[in-house]
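One chain is shown next in structure tokens, namely the form predicted alone.
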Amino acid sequence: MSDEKTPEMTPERVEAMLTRGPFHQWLGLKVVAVHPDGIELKATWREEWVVNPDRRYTHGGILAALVDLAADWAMVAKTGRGVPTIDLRVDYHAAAMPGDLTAKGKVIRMGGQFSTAEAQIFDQAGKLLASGRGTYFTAPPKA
């Protein structure tokens, strides 16, 4: 790892980085908290997330994206820079009905080149909707 000191990653600083991406803006992402080993995000529900207009549940791709984002940004909160996803696994536990979602990401292992993080997605009542684990490329940038 580099000897350079990573600037303190406050929720405001991380949110400023996160919301630079148009997709992240569209998801209505807000950084709720940044912890030493993780992050908590809130996604503002959108009608466009609905996959089945009769049943009104959210498309699984939105949940998978939130799993990836929470795990990935838990890494960003530690490294201070973006890290690409190498591998991602998602498990679905319940249908996500209309309403804002909370995504909690946690760093499991920081490695020299590859690191692992997990994430869980919850509805407004705290019900677990999806969870997953990702591998991220965290090697320091070349000088």
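Only a predicted model underlies this, so the values are computations on that prediction, with no experimental measurement involved. Sequential numbering from 1, following the sequence displayed.
Not on display, but discussed next: the form predicted together with a further copy of the same chain.
For the chain shown alone, Gly99 is not a contact residue for a further copy of the same chain in the predicted bound form, no non-hydrogen atom being within 4.5 angstroms. For the chain shown alone, Thr79 is not a contact residue for a further copy of the same chain in the predicted bound form, no non-hydrogen atom being within 4.5 angstroms. In the predicted bound form, none of the heavy atoms of Val31 sits within 4.5 Å of a heavy atom of a further copy of the same chain. Although the partner is absent here, Arg13 is not a contact residue: none of its heavy atoms lies within 4.5 angstroms of a further copy of the same chain in the predicted bound form.
Residues of 31-45 that come within 4.5 Å of a further copy of the same chain in the predicted bound form, judged by any heavy atom, do not exist; none qualify.
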